[in-house]
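Just the one chain here, laid out as structure tokens, in the form predicted alone.
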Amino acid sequence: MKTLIYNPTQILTVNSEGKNFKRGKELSDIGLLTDHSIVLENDLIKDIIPTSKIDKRKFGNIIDASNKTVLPGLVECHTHTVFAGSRANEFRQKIAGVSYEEIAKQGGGINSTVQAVRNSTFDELVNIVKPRIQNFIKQGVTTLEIKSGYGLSFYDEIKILQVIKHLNSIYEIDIIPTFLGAHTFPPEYKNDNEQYIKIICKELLPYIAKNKLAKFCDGFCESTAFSADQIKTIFSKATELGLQLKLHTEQFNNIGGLKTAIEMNAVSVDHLEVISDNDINLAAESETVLVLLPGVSYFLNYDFAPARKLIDAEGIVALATDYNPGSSHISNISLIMNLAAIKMKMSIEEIISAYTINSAKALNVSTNVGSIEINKKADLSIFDTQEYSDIVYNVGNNLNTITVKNGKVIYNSEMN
């Protein structure tokens, strides 16, 4: 059956001309069309044609997008959505001036959430996470990455990945699982780091690969977490087993994570708040996507990643919420976009490209999603505005009114 997205005021195709990502100045080209409509057939984009030439009788299903703006389905490429418990007390400490690293050294931070997740059953975690996923869908997200990393034991890391797998089976969006066992060292291996690394490499990674529980292996390269050499050991095993790589790096300190990730062909490096000027070109000239997380800088009240320098150096820049309980308890995409504009000096067009085609590239799915191009998946987000700048201007407000996944409406604000 053919579906018609009829008569939108604006269509932002984010067309990449087959490249499937955007570098530098290319991020400013969002492929704006007016007076056009979109033809969907089954789960694909079939055509984009002038509205004046449409015979509406040929379509079995018509979605009236009059006075609205159509974007590709948003791609949320960095989240820690599966967590339990609350870290509101730590938030109080942060406001009082205690640093993220100091809280971690006191036994708080990631390990606080680890304890809450370990104390939660599979079913409890599923029920906790469901409304979070529904919230992303309401905002126009059609592809969502979720990491493990709050279990830090064989049983609990596998439990989280099985929760993600189950959620992917019951929601129509694509939920992409990432293994983040190298998030930090669990308390029981605080004084025996190498033993935990052996558990990751000899037990967790082989089991995950064999059972196809994750697409990516991620890690946190930081002075309070894993060294560059330790990350290299873990990533070497992950690569051997067929997992793709992502890395949290250059968040608080430069300890060699960026170079390690790029040398090992990581799909993305995420954070980069303290990337050195000497490494800007190294990052920007690589094929690795640079995922920036302005919500973290806002939530922790520290430096924002140098988006302008990275874009001007021709980097492949993406954006994400980093939704998590400790350093970015923010799931509002409009706020993230606005922070990128105000604090990182990104243009509205760059922000849209970063949250669609480049975020898709950060998950290695940009050949199928992330832009409105013929024969790509029919993933769309339809916003209740005639001017796309409103999406960023209306900070904190969700203007998405319809979410389309694989040609099917999975959220409609007028019906949900």
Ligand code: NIG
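Here the structure is a predicted model, which is why all the values come from computation and not from measurement. Don't overthink the numbering: it's just position in the shown sequence, from 1.
The form predicted in complex with N-(iminomethyl)-L-glutamic acid exists for this protein as well; it is not shown, and the discussion that follows is about that form.
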(request) Give a yes/no on whether residue 326 approaches N-(iminomethyl)-L-glutamic acid to within 4.5 Å in the predicted bound form, heavy atoms considered. (result) yes
(request) Report yes if any heavy atom of residue 251 sits within 4.5 Å of a heavy atom of N-(iminomethyl)-L-glutamic acid in the predicted bound form; otherwise report no. (result) yes
(message) Even though the partner isn't displayed, in the predicted bound form is residue 220 close enough to N-(iminomethyl)-L-glutamic acid, meaning a heavy atom within 4.5 Å?
(response) yes
(request) May I ask you to check whether residue 87 falls inside a 4.5 Å heavy atom distance of N-(iminomethyl)-L-glutamic acid in the predicted bound form? (result) yes
(request) Identify, from the list 146, 346, 110, 269, the residue with a heavy atom within 4.5 Å of N-(iminomethyl)-L-glutamic acid in the predicted bound form. (result) 110
(message) Based on heavy atom distances of 4.5 Å or less, which listed stretch (253-261, 236-244, 336-344, 317-325) is in contact with N-(iminomethyl)-L-glutamic acid in the predicted bound form?
(response) 317-325
(message) Where, within 61-78, is there a heavy atom within 4.5 Å of N-(iminomethyl)-L-glutamic acid in the predicted bound form? Residue list please.
(response) 78
